[in-house]
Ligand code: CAA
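Okay, so here's just one chain, in structure tokens, the form predicted on its own.
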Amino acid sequence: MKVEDIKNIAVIGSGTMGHGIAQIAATAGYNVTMVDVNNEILARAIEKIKWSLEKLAEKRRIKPEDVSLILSRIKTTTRLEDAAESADVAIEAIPEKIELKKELFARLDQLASKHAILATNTSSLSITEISRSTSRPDKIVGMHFFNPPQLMSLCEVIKGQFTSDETLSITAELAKKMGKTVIICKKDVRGFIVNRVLGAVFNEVFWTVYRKESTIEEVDASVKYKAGFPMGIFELADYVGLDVLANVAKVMYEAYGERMKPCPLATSLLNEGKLGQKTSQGFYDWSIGRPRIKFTLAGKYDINRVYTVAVNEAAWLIHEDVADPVDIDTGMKLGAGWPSGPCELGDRLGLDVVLGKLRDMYSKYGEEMYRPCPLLEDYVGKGRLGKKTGQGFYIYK
């Protein structure tokens, strides 16, 4: 199969991610069948798609007449077989529970045509493990969109252990046809690219506050006003959901051990059901609106700590042949809104400076999260220090 042969796409799950994926697929001209457990849920999803398309028309991102045309390409059903039998590609967007996903993929494998690619929108679970529930592991792939898919331009395409190069290539081209910038995760590692780096950053700031070295507001003020990130780290945690982050943290800890040791900072909030924005309470009180973080607190937390752990995690991704510097930087800029990617930051700061700070923090705390990646040690040893020497993660002429 070639990407040009793809006409029909099944989207399983019509929640926040599912209906967004259905919308962008239909906008790209594909016939979409959206599946969920009952018609009421599906009707709400269609209403949300209609509202989103009308907003895009108001902003002149699409033509007003395109709203009804795009909607006409989306069908809904509660019967998985109705969606699967005609699908060239099926994209799963159900809850992040591995057993649910494996059960679904086993059914899709039985129902879909032999040529069909089966993609999962998981943000943290194993593509390889999911693929083992099917008889076509070469056609199972990760297709991780970012929330909300209608607005976020990034898509991580992830190669499972058995994913064929053909499947990976077709999926990447499909994502591009949906208007996405694609980054390739070459290995099926937990957290993939963006969440790997973010996981290291979350751990750093959570532990810093837990150790009472900085406050939540000091961290977020520095991140927003010194680093230029679109949100503070704790603000972002509330936005994502503390329960979601806790689940991801568990997966990351199982995969990477002490290097991704979860911090108990949010435990009491989780126990009280304070999960962030969606419950109006988390690290911040959202009942009064978005947090107003004081500019005067900027600089009280050393933002270089965030840069240092982000650069180190990027180095691990390259060292393990998971991703290239360009894809890592693109992912963090488009997926997390960072002004610069960690590899660009490292080269600008100087990899010797980054390594020195890592060594200092590792010596002070003895925590594996600060252990320098061997790649950084190697680069610095060879004089690849970044822009100032003409070569670091990148080559400068």
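Everything numeric in this text was worked out from a predicted model, so none of it was measured. Residues carry their position along the shown sequence, with the first being 1.
Note that the form predicted together with the named molecule isn't included here; everything after this is about it.
- Between the options Gly179, Gly273, Pro230, Gly257, the residue in contact with the named molecule in the predicted bound form by a heavy atom within 4.5 angstroms is Pro230.
- Contact with the named molecule in the predicted bound form, judged by any heavy atom within 4.5 Å, is made by just one of Tyr253, Phe162, Trp207, Tyr239: Tyr239.
- At a distance of at most 4.5 angstroms from the named molecule in the predicted bound form, all three residues Lys55, Asn147 and Arg290 contribute at least one non-hydrogen atom.
- By the criterion of a heavy atom within 4.5 Å, Trp51 is counted among the residues contacting the named molecule in the predicted bound form.
- In the predicted bound form, at least one heavy atom of Met152 sits within 4.5 Å of a heavy atom of the named molecule.
- At the 4.5 Å threshold, heavy atoms of Ala116 stay clear of the named molecule in the predicted bound form, well away from it.
- For Ala175, no non-hydrogen atom is located within 4.5 Å of the named molecule in the predicted bound form, even though that partner is not displayed.
- Residue heavy atoms within 4.5 Å of the named molecule in the predicted bound form occur in exactly one stretch of 334-342, 347-355, 65-73, 361-369, and that stretch is 334-342.
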